[in-house]
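Take a look at this one chain, the form predicted alone, written out in C-alpha cells.
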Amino acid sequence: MDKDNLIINLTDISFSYPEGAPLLNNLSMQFYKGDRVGLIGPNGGGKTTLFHIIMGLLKPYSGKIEIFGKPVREEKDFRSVRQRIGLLFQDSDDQLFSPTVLEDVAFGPLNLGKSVDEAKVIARKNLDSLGLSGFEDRITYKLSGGEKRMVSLATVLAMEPEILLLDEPSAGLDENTRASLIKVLTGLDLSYILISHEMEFLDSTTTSVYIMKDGKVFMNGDRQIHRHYHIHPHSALPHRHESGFGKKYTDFLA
C-alpha cells in the first residue's frame, strides 16, 4: 500500500487495565485511506480498548502510534486527531448528553467554530440523511435504544470527520433501520473500521475483516465472509456454521 495513504499505524502496542492481564499484546495494525474494515473478536478481547487508544482516551504502556503520518503521544497530539476521526461509542448514553436531539447533533459543529445557524443546518442535514427528520425536538433520554444509536451516529457525522471508528453500530437496530444504516455507510465517501458480531452486516458494509485474538490483530487473508440462507428441520437444536475464514466463527470467540 502507498505510504502516503497510511492513516493509522500502530506498532507493538501493549495495554492492560490496573491489576489485569495484558489485553493488547504487542499489537500492530495499519489502516489506509479507502479501507473499510470490519473487526471481530471475543467479548472483552480489547476491540473497544483499541479504538480508545487510537483516540487517545487510553494510553498504552508501550508501543508507537502514528496517525495521519505523525507520531501522537500526549493529549495535545490527540486533539487534532479527534477533529479528523469520529468515534461512535459502544454505549449511546456515553455519546448523548444534551436535552434534545438537535442540541446533541449541533454540539460538535458548534465546538468546531460553526455559528448557531450553521450548526443547526448541519445537524438537520445529518438527521435527515439517517431518516431522523422530525426528531429535532425529541427528548434524547426518552428515545429507544435503536433511535439513540442512530442519533449518536448523526452526532459523529455532523463533525464531518475523515475517518470513522464505529463500535457496534448496528446493535439494537430493527431490520429496517439496519438496512438504512447499511445504505448510509456504503454511500459515505469515508474510510472506516467497525466492530460487529453480525456477519451479514459486515458482509454488506466492509471490504475486509480483521480478527482480534490474544491481544493481536490478524488479517483474514483472501477468505471472505458471506451471507447464506437455509432452513433446518430441527432449527431449535444448537449448531454452528463454518465462516468464510475457514474456521467456525465461534472458534475465534473461544
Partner chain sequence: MMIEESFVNGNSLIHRLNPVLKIGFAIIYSFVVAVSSKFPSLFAALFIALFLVILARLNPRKAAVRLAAVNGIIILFWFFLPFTFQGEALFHIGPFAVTRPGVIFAAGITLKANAILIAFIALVATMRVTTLGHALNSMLIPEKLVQFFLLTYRYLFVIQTEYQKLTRAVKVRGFRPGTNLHTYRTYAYLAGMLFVRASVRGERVYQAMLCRGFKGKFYSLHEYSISKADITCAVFMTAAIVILVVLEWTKII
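This one's a predicted model, so the numbers in the text were calculated from it and none came from an experiment. Positions refer to the first chain, counted from 1.
The same protein also has a form predicted in complex with the partner chain, omitted here; what follows describes it.
Checking Val72, Val184, Leu102, Leu132 for any heavy atom within 4.5 Å of the partner chain in the model of the complex turns up a single hit: Leu102.
Taking non-hydrogen atoms only, Leu110 approaches the partner chain to within 4.5 angstroms in the model of the complex. When contacts are judged by a 4.5 Å heavy atom cut-off, Ala106 counts as touching the partner chain in the model of the complex.
Remark: Asn126 does not count among the residues lining the partner chain in the model of the complex, judged by a heavy atom distance of 4.5 Å or less. In the model of the complex, the partner chain lies within 4.5 Å of some heavy atom of Lys120. No member of the trio Ile7, Asn9 and Leu194 reaches the partner chain in the model of the complex with any non-hydrogen atom inside 4.5 Å. Using a 4.5 Å cut-off on any heavy atom, the residues of 135-155 that reach the partner chain in the model of the complex are, in sequence order, Thr140, Tyr141, Thr155.
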